[in-house]
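Quick heads-up: it's one chain on its own, the form predicted on its own, in structure tokens.
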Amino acid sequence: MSTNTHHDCDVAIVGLGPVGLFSAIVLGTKGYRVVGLDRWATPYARPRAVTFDHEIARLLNSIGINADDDECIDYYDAIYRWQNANGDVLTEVDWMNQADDGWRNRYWFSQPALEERLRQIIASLPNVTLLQGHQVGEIQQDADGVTLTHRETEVNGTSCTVKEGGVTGTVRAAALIGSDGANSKVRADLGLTMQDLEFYYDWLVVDVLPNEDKEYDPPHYQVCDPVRPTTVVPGGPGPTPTSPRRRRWEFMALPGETAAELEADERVWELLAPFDVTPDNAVLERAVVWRFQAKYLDQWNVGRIALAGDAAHLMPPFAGEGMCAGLRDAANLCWHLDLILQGHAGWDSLDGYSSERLTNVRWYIDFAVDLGRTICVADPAEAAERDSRMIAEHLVQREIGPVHPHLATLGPGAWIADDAHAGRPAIAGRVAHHGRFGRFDDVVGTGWMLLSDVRQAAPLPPEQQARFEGIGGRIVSVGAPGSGADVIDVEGAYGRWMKQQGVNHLLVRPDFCVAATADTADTLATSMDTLFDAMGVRSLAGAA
């Protein structure tokens, strides 16, 4: 006989991969009651995503995971090289330096290990409940909330099915996040269909655990060989701090090759042999053929239900931005939900989440597709023309990368569209504050943050300041040592940036995107009114 359960919460999350787990932490840390559900009883133990960028490092740091000093994350201060079949350098991408936020451009990890770190954080949050091994059934939305049913599951080989006589239950939530992957049930129940860019390539993805560390120079490189395009990258740290680092190879499937043929152990070792990787010096963790594709939703939210991660978009992995995009979704969605659940904005504020993230994700999808079209050339004549063109461009321009990454802006929403600095990641520096020194986020905090040059007068009029502080905003002055500022710009990062950009005020959102900059208090006040309207933030009188 089955057991019936019921949970009331502020936010229900369907799908407990990195996006769902990160969302649960952000909302749970703010004190919201969160219930997360996943149909698999145990987390998937094989490698999947292996890399993230500086923006994601900053987001992870905000929940207590320092990418520069965490045993489940790795980095290499080295370039990412593209080369042809002869070893000629086609282009080089800067994966060795730091971005303006102080984090490295590229990090490497094993997804099961990172998910375990996220679950450890969730275990410290008593207001977050994870129902692992529960398949969601019916989802109903009304004017006051969302109700879903769920049933306990069991694993039968490689499939997951409903357990006869298992636990059943319901969850009642004010909002629902669908982060349940490419085959999202939440998306299907909402009747939403992805736009398909009809970009399809099958690649064999191979994850290897070496018996000993081997030097690769550079540690990450792309072989643009028309015979078989190949990617060679790190796979994150090994199972223990003293284990050799994991490695990943990706081989493009050729016409006529089937997944079964490529995934066979004998064939995998044949493909690895030219790299001196054999059964004698390495363990094969996973070999699977993935279909690289590009799809996205035009609409990411319906009422109180919003989609995030692969449930809302799919991109080929050539830019290493798939999971990154999902975590950007989560950071954006969570601050929108926070505003709504506090009563500062209505549910139509989620439209801003959808429009902001769609444009940003489309940029990264197009970026990844462009890289893929360059890499996946199988015609020798076309490859020779590509090589000649890219080598010439590289020698003349000495640019790092065929496309400058991270030029994406947000779509229409809570940022000033005609501000050249808004809609993009914000600068971050090392500062001193109340006797502590370190990264701004660590010693000052995160959330809505207005940074103003200490030499400026009070940046906001009283009513605007009250509205800003009402949504959790903080106003701090920034200046050099001895200036009397709230935040001491010890290394001068903020001072240099403001001088270069000709601004005195920097408004940063909880997802670390710039909402606005301003040179004068009057300009800032005008921008604040525009932002309040864009977010649907009610006036003090309306809130009362």
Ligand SMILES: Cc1cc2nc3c(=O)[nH]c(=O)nc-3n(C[C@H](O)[C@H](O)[C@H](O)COP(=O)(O)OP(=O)(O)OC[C@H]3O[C@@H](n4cnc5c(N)ncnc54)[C@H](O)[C@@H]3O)c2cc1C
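Don't overthink the numbering: it's just position in the shown sequence, from 1. The shown structure was predicted, so the numbers you read here are calculated from the model rather than taken from an experiment.
Just so it is clear, the following notes concern the form predicted in complex with the ligand, a form of the same protein that is not shown.
Exercise. Indicate whether P510 is a 4.5 Å heavy atom neighbour of the ligand in the predicted complex.
Key: Judged by the heavy-atom cut-off of 4.5 Å, P510 is well away from the ligand in the predicted complex.
Quiz item: Would C324 sit within 4.5 Å of the ligand in the predicted complex, counting heavy atoms only?
Solution: So C324 counts as contacting the ligand.
Quiz item: Even though the ligand is not shown here, does V11 get within 4.5 Å of it in the predicted complex, heavy atoms only?
Solution: Flag for V11 set to no.
Quiz prompt | Close approach of G28 to the ligand in the predicted complex, 4.5 Å, heavy atom | solution = So G28 does not count as contacting the ligand.
Practice problem: Considering the ligand in the predicted complex, find the one stretch among 348-356, 386-394, 261-269, 305-313 with heavy atoms no farther than 4.5 Å from it. | Solution: In short, 305-313.
Exercise. Please pick, from V476, I65, M498, A49, the one residue with any non-hydrogen atom lying within 4.5 angstroms of the ligand in the predicted complex.
Key: Answer to the contact question: A49.
Quiz item: the ligand isn't shown here, but in the predicted complex which of Q111, Q83, T230, T147 has a heavy atom within 4.5 Å of it?
Solution: Contact with the ligand in the predicted complex is made by Q111 alone.
Self-check item: Three-residue site N61, G235 and E285 fully in contact with the ligand in the predicted complex at 4.5 Å by heavy atom
Solution: Not a single listed residue reaches the ligand in the predicted complex, so no.
Practice problem: Scan 253-290 and note down the residues that get a heavy atom within 4.5 Å of the ligand in the predicted complex; none is a fine answer too. | Solution: Residue within 4.5 Å: W290 only.
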